[in-house]
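For reference, the chain that follows is the form predicted alone, supplied as structure tokens.
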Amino acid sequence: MKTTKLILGLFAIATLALSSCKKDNNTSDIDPNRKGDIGLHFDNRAGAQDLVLNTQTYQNALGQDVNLSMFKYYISNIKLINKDGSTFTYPKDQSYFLVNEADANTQEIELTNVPEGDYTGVTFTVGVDSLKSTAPLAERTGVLDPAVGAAGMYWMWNSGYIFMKMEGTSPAAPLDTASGTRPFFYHIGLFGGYSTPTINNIKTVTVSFGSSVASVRQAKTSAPEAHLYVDALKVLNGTTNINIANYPVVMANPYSANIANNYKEMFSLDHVHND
């Protein structure tokens, strides 16, 4: 009996030591001084369908047919939410991206030199913040250069970026006699104004990874990726269901706030993969 108790006691000690060892290993597995990468994939959709420009017809919440020819939006000021509740703010000057449905390469955003961690969500801005919008032109390069990367996404007459641009045609839109088509377009910007107050259509979005975790480790050969769905139809559907017949063109006017409130809700998580 004593021998049996001794064996059981030694087994319990060994199990406890092994458990403690595993716990220590898990803790020491993450070193914030080591860096890794993480990807964000923006998969543009139209409801449950893949978004296809020019050739596919969809319907908004009011039953109006739409054919989209353009869908672009700025993603900026990215922050990653760590499992421990802390956040990592991606370097601001590197944190401006223009996602374009017509260019698949822009839909993959790679964040480099990210501290090791188990990330459970991401926060970002849809649009370009006021400080960058009003910065000297020399500080606005790449996708922010109005002459190159931001071509078509900048109002020269209004000195401001277009945060989200959607264009297309719909039978519900008024006839354009010159082209014989029925176009509609929504060019949404405005950051609150520089010298004169304006509407502020900058939107902050947080997408939780739910029970999933994006594990960033320096030793990994493949970076984890958060795959996000972006439902373009939510530009038209949401708190305000946009009637294309009444609002075929929306730019720098008060109604733009309704569309901005809609597109804030177009992001959701599909999945996270770590290999």
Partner chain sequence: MRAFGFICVALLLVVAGCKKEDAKTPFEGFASPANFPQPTYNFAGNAVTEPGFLLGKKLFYDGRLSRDGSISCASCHISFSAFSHVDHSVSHGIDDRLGIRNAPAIQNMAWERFFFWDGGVFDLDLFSINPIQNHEEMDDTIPNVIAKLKADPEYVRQFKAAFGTEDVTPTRMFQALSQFMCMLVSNDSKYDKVLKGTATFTSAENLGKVAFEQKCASCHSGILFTDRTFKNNGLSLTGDLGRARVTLNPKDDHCFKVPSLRNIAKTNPYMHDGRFSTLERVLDHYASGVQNTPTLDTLLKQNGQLGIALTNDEKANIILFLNTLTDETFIKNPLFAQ
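What you see is a predicted model, and the numbers here were worked out from it, not measured in a lab. Numbering follows the first chain given and starts at 1.
Not pictured, yet referred to below: the form predicted in complex with the partner chain.
- Comparing 101-109, 175-183, 156-164, 74-82 against the partner chain in the predicted bound form, the single stretch with non-hydrogen atoms within 4.5 angstroms of it is 156-164.
- The partner chain is not drawn, but in the predicted bound form it has a heavy atom within 4.5 Å of residue 190.
- Looking at residue 95, you'd find every heavy atom of it more than 4.5 angstroms from the partner chain in the predicted bound form.
- Among residues of the shown chain, residue 171 is not one whose heavy atoms approach the partner chain to within 4.5 Å in the predicted bound form.
- Residue contact with the partner chain in the predicted bound form: residue 198 places a heavy atom within 4.5 Å of it.
- For a residue to qualify, one of its non-hydrogen atoms must sit within 4.5 Å of the partner chain in the predicted bound form; none of 63, 237 and 270 qualifies.
- Contacts with the partner chain in the predicted bound form, taken as any heavy atom within 4.5 Å, map within 110-148 to 133, 134, 136, 137, 138, 140, 145, 146, 147, 148.
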